[in-house]
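Before any questions on how it binds or moves, here is one chain, the form predicted on its own, in structure tokens.
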């Protein structure tokens, strides 16, 4: 068994009492002493910080960097300008996902591609198949550059203290900036994996990340582990590779357009040109896919979990890909956030495409079939600074 990798913040997590687990070959904090529920709620009302230094960070540069990325990514890379980022998918030749990723253009002559931690080596091997045809390079800087996600209603105010009042980024999602924070150069993107209306991801040299983490904590941000990161992304309706992408429970490749985010991540514009699996993905978009990933909410009392079978009118139609019990804050009629909280069991399901929003589903929870409903979304992100549960 290979030794687990550790981020530069490992000792900080241990000192804070974090429970450390194996995540994609990295020893990462699943939760701190306050627990997953408290961390989730603090993020939604105040500000949570996440060590995301385990994510793969790849720099793509060279004369044909755009042509290469247009070939291997699903997004229209030519549409990016300095100071902007875009969500993308790395397609397989058969129309599934090698990985999903985020592409950042902090400067004119290179790109930063962030990939899932457990997929970094696989992604690099996939890219190596295409690189000989292009005059460019892909460099893994995961060990020398670190990252912290700063999410929640108070995130921007906290970062403005560090920036001396300077604007963090532009106001739009996916805006980027480079700042000097108390003498340290920090790159910032208005992105995140929690669904908070206000959220940023910070990139800094690895030998400076402990300083940044400790300053954020001093300013009121709460260390948040992978457990709450999962409940937050689930509430936000964001897919996770290995659950809503990749292979299904039976080991069959899931088509990219089974996930609704594909309509934002895949471009068929003329300037995009040909790319890996273009024709297959176009067919998926136009003809649909046999199964689709949808948000579901449990109506009966219980907790849905990944892998549980789903039925419609007694016929098996799919299974849960992600599911758990998620806490939420309540709001008064005027829209003010309250101290009162609730819990609900929500998740994603991979079901036959014939399933509609009007259908009543049944999820087999430990031998009992509990009623569940497809929903449009679990959370409303349109009323900053708070994300609000859609019940």
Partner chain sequence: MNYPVDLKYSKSHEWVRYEDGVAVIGISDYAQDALGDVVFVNLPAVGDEVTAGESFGDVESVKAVSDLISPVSGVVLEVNEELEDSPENLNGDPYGAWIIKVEQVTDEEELLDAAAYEAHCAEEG
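Positions refer to the first chain, counted from 1. This one's a predicted model, so the numbers in the text were calculated from it and none came from an experiment.
Here the subject shifts to the form predicted in complex with the partner chain, a form of this protein not shown in this document.
Using a 4.5 Å heavy atom cut-off, which of 42-50, 66-74, 320-328, 350-358 contacts the partner chain in the model of the complex?
After filtering at 4.5 Å, what remains is 320-328.
Heavy atom within 4.5 Å of the partner chain in the model of the complex: which of 303, 206, 105, 161?
Here the answer is residue option 303.
Heavy atom of residue 231 within 4.5 Å of the partner chain in the model of the complex
Yes, residue 231 lies within 4.5 Å of the partner chain in the model of the complex.
May I ask you to check whether residue 58 falls inside a 4.5 Å heavy atom distance of the partner chain in the model of the complex?
Judged by the heavy-atom cut-off of 4.5 Å, residue 58 is well away from the partner chain in the model of the complex.
Would residue 335 count as touching the partner chain in the model of the complex under a 4.5 Å heavy atom rule?
Close contact is absent here: in the model of the complex, residue 335 is far from the partner chain, nothing within 4.5 Å, heavy atoms only.
Would residue 377 count as a contact of the partner chain in the model of the complex, using a 4.5 angstroms cut-off between non-hydrogen atoms?
Contact check for residue 377: no, nothing within 4.5 Å of the partner chain in the model of the complex.
Go through 13-35 residue by residue and record those having a heavy atom within 4.5 Å of the partner chain in the model of the complex; state none if no residue qualifies.
Contacts from 13-35: 30, 31, 35.
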